[in-house]
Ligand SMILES: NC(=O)c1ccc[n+]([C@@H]2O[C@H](COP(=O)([O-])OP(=O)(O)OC[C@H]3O[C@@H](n4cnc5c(N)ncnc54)[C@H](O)[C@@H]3O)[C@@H](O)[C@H]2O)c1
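A single chain, nothing else alongside it, follows as structure tokens in the form predicted on its own.
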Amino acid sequence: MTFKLRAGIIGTGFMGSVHAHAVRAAGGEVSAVAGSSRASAEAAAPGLGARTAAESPEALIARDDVDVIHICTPNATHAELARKAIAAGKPVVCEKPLATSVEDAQELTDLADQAGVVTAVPFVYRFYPAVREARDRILRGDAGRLWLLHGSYLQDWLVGAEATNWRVDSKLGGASRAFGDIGVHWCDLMEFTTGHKITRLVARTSRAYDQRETGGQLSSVATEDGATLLFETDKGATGSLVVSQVSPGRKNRLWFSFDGTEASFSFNQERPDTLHVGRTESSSEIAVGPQTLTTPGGRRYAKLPPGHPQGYQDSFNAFVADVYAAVQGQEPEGLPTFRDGLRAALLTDALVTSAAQQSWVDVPSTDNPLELLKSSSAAERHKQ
């Protein structure tokens, strides 16, 4: 790092703390934090290691001692805060979803391109060493022709009708919860690792609980607890994904198997220190480490000897380090930007539309994403 970048973090919850740790690991400092009020920012500042608390998100964005904006607030606030950060000419890291509509995600992507600012969305599962190893091996042809791409992302933090938070409210979290929150992570990881793009999908959403307790009262829930989908890709593969936030005993099990004609590659985020490589004659579990991984991508992100697993925070640290390298003029390979956030918005819109229409839906590319949305708005299509 040629100079110490100064971060401003908007949001005082769990993700704010994850970002703060990653900023420091990247050699930066947290100059200021902003919350829903000055009081909440002041209360959070010591825990986040921030030098000061800003009066408001807008005041934080305007500060001269803030070089990079980190947006870690509820989903519905992302678009407006990102617009203000871009207008200030500052690099911006925005938690996913980038926006709760395709139109807003497209606008933000265009604004960032026009302003020439560095942007990033934390699709941090790209930064596991095992994932980079799998990607490099697949792209050099070790798997043969990929024909079946499948997996799941399962959590249990919403088990019980009394379990709730702001994400359950569609006004704050968006039209899709389980897929929009974690399913897009899996899809981003699949497309990044394999080089395939989902071109069409059919989906069903479901709820374990039609009502959840809020403020001592049961309220109806509009967003899904789980989603299942089938999809096709631009390179001739088919696939499936199961997403759930109500799977008892599954804390954060993002799992995939990418199956080719010569080999399959499988990864489980709850066991991040291994990569499974399956072949007809033999299968192996590769222990993750600088000496055991063989590809440039795998070795670049492997920092610890085998037996010392690198986990979620390590991957987040690597992500922020690459963002800060980009801010200083480097071009780290595989950095997820606002265009990847737009891609997630397109996939989410397609899932919600398919579930409402009970039909296959095409997924537009990010090159001209609004073409398939011209005939009617997303809201109108979701009612059909």
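All values derive from a computational prediction rather than experimental measurement. In case it trips you up, residue 1 is the first one in the sequence shown, and so on.
Below, we turn to the form predicted together with the named molecule, even though it does not appear here.
Taking the partner from the other structure, the named molecule in the predicted bound form has a heavy atom within 4.5 Å of a heavy atom of Glu95. In the predicted bound form, the named molecule sits within 4.5 Å of a heavy atom of Pro122. Among residues of the shown chain, Asn268 is not one whose heavy atoms approach the named molecule to within 4.5 Å in the predicted bound form. Remark: Arg132 does not count among the residues lining the named molecule in the predicted bound form, judged by a heavy atom distance of 4.5 Å or less. Only one of the listed residues (Asp273, Asp104, Asp181, Glu232) places a non-hydrogen atom within 4.5 angstroms of the named molecule in the predicted bound form, and that residue is Asp181.
Interface residue among Arg212, His185, His150, Arg250, judged by heavy atoms within 4.5 Å of the named molecule in the predicted bound form: His185. Here the chain stands by itself, but in the predicted bound form one stretch of 96 to 104, 82 to 90, 188 to 196, 140 to 148, 96 to 104, has heavy atoms within 4.5 Å of the named molecule. In the predicted bound form, no residue of the candidate spot (Val117, Phe127 and Pro336) has a heavy atom lying within 4.5 Å of the named molecule.
Although the named molecule is not shown here, in the predicted bound form the stretch 154 to 181 places heavy atoms of Trp166, Arg167, Asp181 within 4.5 Å of it, in sequence order.
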